[in-house]
Each structure stands twice: as C-alpha cells, then as structure tokens.
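This document opens with one chain alone, in structure tokens, the form predicted alone.
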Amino acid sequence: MATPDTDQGGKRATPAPRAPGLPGYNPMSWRRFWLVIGSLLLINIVITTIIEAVTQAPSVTIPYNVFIAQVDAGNVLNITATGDSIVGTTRKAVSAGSGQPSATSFATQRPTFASDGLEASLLKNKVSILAEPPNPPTPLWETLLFSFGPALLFVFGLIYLMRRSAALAGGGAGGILGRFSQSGARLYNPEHPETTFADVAGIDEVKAELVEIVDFLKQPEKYQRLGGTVPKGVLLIGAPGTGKTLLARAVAGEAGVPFFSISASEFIEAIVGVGAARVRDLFQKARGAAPAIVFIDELDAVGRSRSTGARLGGNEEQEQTLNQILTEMDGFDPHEGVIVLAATNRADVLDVALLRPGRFDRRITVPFPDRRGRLEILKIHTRHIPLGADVDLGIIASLTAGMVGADLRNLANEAALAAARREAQTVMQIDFTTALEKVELGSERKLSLSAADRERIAYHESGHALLGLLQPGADPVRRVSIIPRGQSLGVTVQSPVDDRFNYGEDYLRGRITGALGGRAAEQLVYGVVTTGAESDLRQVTAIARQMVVRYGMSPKVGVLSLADDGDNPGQSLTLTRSYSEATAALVDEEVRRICEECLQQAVALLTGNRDKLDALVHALLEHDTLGEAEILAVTGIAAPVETPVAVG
C-alpha cells in the first residue's frame, strides 16, 4: 500500500493540489505566475505615463482665429500639420482667451471651409512647416509583435506546459498527451468490498464455478504446487440484467484483491492507437497490483470478429485495441495472479481468437433465475423494505417468470413507491401486484370508453381467461382487467405454478387456443372481429411457426429443423432459407392449419360455456379487475390442484 510522502523532519508533506485533466498542475504556482505578469504590466503603464508627463511640455488648445492672429503677429515658430490638425510652438505663451491657461505649445483644428491663404501667411512670417500623412504606416516592431506574438506565446506556453506536466508526472512519456493513453479503469477498495457472494442469489451454479477463481487468488500455492494454473480469462455470458457485473464484483470482494473495472467502449478514442495504449496501461496497473482482477464489461464493443469483410477507419482502431488485448493476455505469467473477467450478451459475435484456450479459457453462462432463484433475489432486494403481513414473496416469485435480477430489483422499488404514494407504513401484496402490472404492461391510461367498447373489451378478455380455466394443463389465470394500460385496452395475466423448461405439443396448442380466446369471443358474441387481437395474432403466428420449422410438430413437414438462426432460439428466423419454395409453401400451409384448428377449438369451448362467459363479463363490467379467487367464484370452475416444487 502506498505511504504518504514525508519531509526530513518526519512531518507529513502536503502534496501540491492538481487540477483535473493536467498531471502535476499546481493552481498556486500558476496564480503567482499571473500575479507577477500583471504587476509588471501595471508598473510599465505607470512608469510610461509618468515619463510622458515629465518630458512632454504642457500644451493648450486654441481657436483657429487666435492661431491666425499669432501667425500674423510673428509669434509662431513652427507647426506640424496632420490633415487639418495643427500643432506647434510659439515664442511667447498663448491662451484660448482671458483667464485661460497659457503655454508655448498649442494645438488647433483648421476648418474644412477655410480659404484664408494660410500657407502664404506662414511663409511670409518665416514659420517652419512640417507635414505628416493622415494614416502613417504601422511601425515594423508593432507589426511583428501583433502578427507573430500570439502564435509564439501559444507555442512557448504549450511547450512549457508539456515539459512541466511530464516532469511532474515522473518523466512519463506524453505529458498532457499521455493522459489520453491512461485507461481510466475504476479501482474498487479490496479492504472494504461493497459486494460479496452474499449479495448474489438465484445463480448458485454460476457462483460455484467462480469459487475456484476466488480460492486461487487467496491460496495460489495450493494449485501451483501441483502444476496447475488458474484460467487466464473467464467470460460471463448472459442476457442483460442477469447479474454478470455483480458476479465479477462479488469475486473481487470475496478474494479481497484489487478490482479494476472498465467498459470496453472506454478503450476506443478518435485518435488511432489510443485504445491499444489504454489496454497496455490497464494491464500494467493490474500487474503492479497483483494478485488482481481486471473486469471488462460489454466485451463485444471491441471484441467483435475481425472476419466481417470490409473495415472502415473506426474499425481499424477497434482492431488494434483487440489485438492489444490478445497480446496482453498471451503475455501473462501463470504465477502473476492477474485474472481477466469479461461480460457480454453477444458471445456469438466475438472473435474466435478471444475464445481459444489461453485467453478466455472458461466460459460461464449466467442463466435466467428459476422460481427458487427469483425468491432468493426478492429476499435480497427487500431486505431494507418494511413488508406487510400479507406479502408472500413465493407468490411474487411465481408471477415473475422470465424476470432477471435487475427486473426484480426494479419491481421491489416500484412496490415501495406505490406504498409511498398511498402513504402507507409498510409495503403490501397489493403494492407488488400494482408494481408488476406497471412493469409488465405500463401505467394506467385514463381513456373515456363508451359502454359498448367496455363490453366488447370485457368479452375479449373474458374469452382469454375462460379458456385458460377450461384447458387442462394451461397456466393458471391470476388476474383479468379491462383497465387500459400501456398499449393494451385490457389484460389477462397467466403464469405457471413452476418454471417450464420443456414444452409439449398439447401445451403449445393450448397457448395458441388461449391467445385466440379474445378473437373467438368477439366472433361468437358479435359476429364481427376487431383490431384488438393484433398482438394475440402475432404471438399465435410465432408459436405455430416455431412448432413447424423448429420443433418438428407437423406431420406433413416431418421431423426436420428448418430454422437458420443457429443455436439461439431467441433470434428471429433469417431471411435466407435453406429449403425450397415448395417446402416454404408447405410450412405456411401447416402454420395456417394449426392456427385454424385452435381457433375452432376456442369457439367450441366458449360456445359450450356461454353462461360462464357472460357471468365473467358482467363481473368485469362491475369491478373492472378480478383476481384469481374472484374469477373462480364467478365462473364456478374448481381451481386445479397445484403441486409446486418446494422453495425456500
């Protein structure tokens, strides 16, 4: 650890303050410098004024007619004319009038309309005449001073600042320009870690992978005595918000070593070569503080594949930066104790050189948390929130399938804000429900809907809800509402009892049937469909197409995978197909067939349960929003037996 500088007497020497952006900049010394310059200028002005006042004879301004009279009287010795301005001296003192000061030096102005034969009178009285041009040329010294002075001052000033900053920075190359090559990585205090593994939940299997890294940094001899070496690099791959950065900081907190954190985009600068210099600076600092951890967030900003065809000027700087990262990681001594952690959500675009053994040897996928994981994450984010007696975090965890840690933290915060708006002392379950609707669907909209529109929306949402109750194996209906939120005029909330990781064909068909429940209800009751099913139809089409081209759930297409999007199901299908036009037409035909069959099933189910549909609509029109228990009571349908996996 660095120790404070001390003087010879043992007292602490106070370092000179430095201004941001300039190494070694001392505002006190510069203040003295400008004070001296200002004092010299002031002294120069004062002395010049005094000398002019002492050496210059007193002068008076006289009227032109007095001047003519003095010429005729032979009292004028000489004059100097500049245009119509005349100055001169006389033998005897003159004045502008009685009671006015007098002097032998005078000045006057000849009127432009004068025609008094002044020249003849001056020659007659033997007056010495001197004429000067109205606009005399600028002296050479003044021209040189104002032409080259500012440029010379700037050049010498810049040289002075660069030499001074370089000297105060310990002779480091670059001085001011060297500031560009500094990495700017943030160093977290290893003695007082802000984050440990206790702050990370829901991804226990990932934490287990990183325990070995922590153990190596704490006990390197345990591995080195057997010839083992820790991975040089660990790449964390996962969707945004899954906790990649949090994991990296937790590793540093557990290991108790310096943690250098930087975003990959901070390497890139407009000046070519700066990115590579910043990489060198970062790794030099890490080696000096070893054992240490270097964390590079959003690695894909500089680590994109170099085999993508033509590259422009900005890409050249990116490629140089990437090459420097590869070189630095290759140059690690296995015994240095410097480990590189990196995070990305686009591992598919990274350069293959980054992923080979010897660079990022270990790749860890940070998954979406399951129900148990979400419960643990909610417990962490509600540690400092006073919860009401009715709050059940297990239920909230089951309602938030697909949410990551960042989403759950935002949900807890929104629930606290909702309770604050009610001026409540604790956060209740209703606050979490309100927050969940706001996060997923948006804020409530105050729309003036007619009675006919409200009824049509109620039938649409009731169709979704009723089919969710009637289909075996469907996700339970948690809530149905006809209050407009975000872009929707109503909403039906369904969520599984436990997370699903494998989907059967019957479940997917049930999803399509439930999504078509709104369209089926409108068709059954009104005989006319509306635009309200737009988002439902997009969802239905996507599921049906995946069933045909990805999962082989079409007898006519067969057990083929026609998807061209690699291993990432979250990406959309590519525009270039690897199959014929005839197969494409068959795919479209099968997608349409599945959707039509599910729509017919939806209409049949609603027709056979029309009384339950009408009862649910009347309850919705009266209360606007119905919970799960109220929906079951209105329809008279028994709740399915739930056998969730134990959590806690």
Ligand code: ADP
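The structure presented is a predicted model; accordingly, all values stated were derived computationally and were not measured. All residue numbers refer to positions in the sequence shown, first residue = 1.
One more form of this protein exists, namely the form predicted together with the ligand; it is left out here, but the text below deals with it.
When contacts are judged by a 4.5 Å heavy atom cut-off, P240 counts as touching the ligand in the predicted bound form. The closest heavy atom approach of H381 to the ligand in the predicted bound form falls within 4.5 Å.
At a distance threshold of 4.5 angstroms between non-hydrogen atoms, M403 is out of contact with the ligand in the predicted bound form. Among residues of the shown chain, D199 is one whose heavy atoms approach the ligand to within 4.5 Å in the predicted bound form. Stretch-level contact analysis of 74-82, 547-555, 406-414, 510-518 against the ligand in the predicted bound form, using heavy atoms and a 4.5 Å limit, identifies 406-414. Proximity to the ligand in the predicted bound form, taken as a non-hydrogen atom within 4.5 angstroms, holds for one residue of R278, K244, R456, H464, which is K244.
For the residues L354, I377, L341, A419, the 4.5 Å heavy atom test against the ligand in the predicted bound form is passed only by I377.
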